[in-house]
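In structure tokens, one chain follows: the form predicted alone.
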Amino acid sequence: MEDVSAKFVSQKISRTRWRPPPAASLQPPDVFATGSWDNEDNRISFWSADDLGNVGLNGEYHGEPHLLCDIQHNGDVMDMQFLDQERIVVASSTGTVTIFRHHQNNQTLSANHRWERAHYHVDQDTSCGGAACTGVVCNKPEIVTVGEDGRINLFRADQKDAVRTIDNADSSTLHAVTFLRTTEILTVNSIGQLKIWDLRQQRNEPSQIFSLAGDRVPLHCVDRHPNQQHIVATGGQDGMLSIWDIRQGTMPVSLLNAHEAEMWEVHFHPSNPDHLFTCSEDGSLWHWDSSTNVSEKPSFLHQGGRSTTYLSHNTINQSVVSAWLSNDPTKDRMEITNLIPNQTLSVNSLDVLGPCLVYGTDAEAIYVNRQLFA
């Protein structure tokens, strides 16, 4: 596609994240970070996408993302999230959690704070036995991490030790975590469960447990709707997209056939949440658009290298009139576009902000689309 800039980086990319814009900024995002995995020398890198989108005479795009700075990272980058404009929190396969600071005046990165072996299998002091930290989420100044060891840690950016640790939160691997509201978090695990934890409660049990019916398919990723906090999307080992309404029932409201292999990330668009994005081991990245009334459109469309199909909801129970939970017959179909027509190796990560999409792959490349809704 003409409006996508690619950059080959000689690193398998495990995570991509846009830097949050300054408050009240109307500019599109211009800086993003990547983390790598499965390389001899893994790195955290900051990139500028600022000069992309300069259109030539024939409508072609100029430029590619250019490297601002990078720093070595010990272990695979399992997850990362910006804490604020200058700091990013990175989860490692060694179990360590690190805050890196981006110094914009001289374009360098430095390790600002490190919680060694925040996740571990045996005990924190042995030289081996570190457990991968699989997920991290920030709500400044608070940072929550989850891991292969079934542990949940609550850190504060300015404190040396964990504020709170739930040691045996889960008997299986916790794969991802997100904030539901400031005092509640949501985790997904490797036996198909979604759990809500109330951080105000001192007891170390979840306040609610939801699960996929039947097979215990591992859930790999989770995101909550930015405006309607009861709506949650998860993606699993089988490539299915599940939409949950956590106010009712313990099972998903919708199960949508999606990818042919593991779904690695799911993201609602932060300011336009009728749009959802998923990426997969099968090399595809899907844009789910529930905003359009697609009943008048042809059932299959092929344009500009994008293949578009329409799927019907498989609705288990009916609910409110959010597009994601709708039982209105004119809205029970949604438009799905594969943004990568020529599938390659695994698309491990995506992030979306304003009109901009960034994603990273095992093909050692990062891609930026600056005109997502063009």
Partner chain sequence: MEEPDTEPPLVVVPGADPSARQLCFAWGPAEVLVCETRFGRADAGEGAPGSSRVFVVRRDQDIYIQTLRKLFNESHGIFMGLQRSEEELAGKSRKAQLVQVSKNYRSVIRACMEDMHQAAVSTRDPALQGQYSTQVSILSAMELIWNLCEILFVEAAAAGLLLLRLLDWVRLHVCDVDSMVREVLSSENPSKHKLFWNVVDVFVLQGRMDEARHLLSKEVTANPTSMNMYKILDDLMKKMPMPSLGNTQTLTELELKWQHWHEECQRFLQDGTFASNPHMESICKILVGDEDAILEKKELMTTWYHFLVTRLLYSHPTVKPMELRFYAQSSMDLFLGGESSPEPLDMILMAAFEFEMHQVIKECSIVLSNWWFVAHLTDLLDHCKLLQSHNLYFGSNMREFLLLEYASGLFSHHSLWQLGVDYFDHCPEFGRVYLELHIERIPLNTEQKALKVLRICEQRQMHEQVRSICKIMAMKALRNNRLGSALSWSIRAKDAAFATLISDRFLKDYCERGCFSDLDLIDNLGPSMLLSDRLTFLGKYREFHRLYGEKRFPEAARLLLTLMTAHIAPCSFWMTLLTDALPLLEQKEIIFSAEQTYELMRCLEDLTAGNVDKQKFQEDDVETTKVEMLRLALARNLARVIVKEGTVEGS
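Residue numbers count along the first chain shown, from 1. All of these numbers come straight from a predicted model, not from anything done at the bench.
Beyond what is shown, the protein has a form predicted in complex with the partner chain; the following relates to that form.
Shown without its partner, this chain lists F155, W244, W264, F100 as candidates; in the predicted complex, only W264 has a non-hydrogen atom within 4.5 angstroms of the partner chain. Residue in contact with the partner chain in the predicted complex (any heavy atom within 4.5 Å), chosen from N139, N112, T173, Q229: T173. Contact annotation: D223 falls outside 4.5 Å of the partner chain in the predicted complex, judged by heavy atom distances. Interface residue remark: K12 is counted as part of the site for the partner chain in the predicted complex, having a heavy atom within 4.5 Å. Interface membership of T344, defined by any non-hydrogen atom within 4.5 Å of the partner chain in the predicted complex, is confirmed. At a distance threshold of 4.5 angstroms between non-hydrogen atoms, D76 is in contact with the partner chain in the predicted complex. Here the chain stands alone, but in the predicted complex its contact with the partner chain, taken as any heavy atom within 4.5 Å, falls in 143 to 151 among 156 to 164, 80 to 88, 179 to 187, 143 to 151. The candidate spot formed by D30, H66 and S271 is out of contact with the partner chain in the predicted complex: none of the three has a heavy atom within 4.5 Å. The partner is not shown here, but in the predicted complex the stretch 15 to 38 reaches within 4.5 angstroms of the partner chain through a heavy atom at W37, D38.
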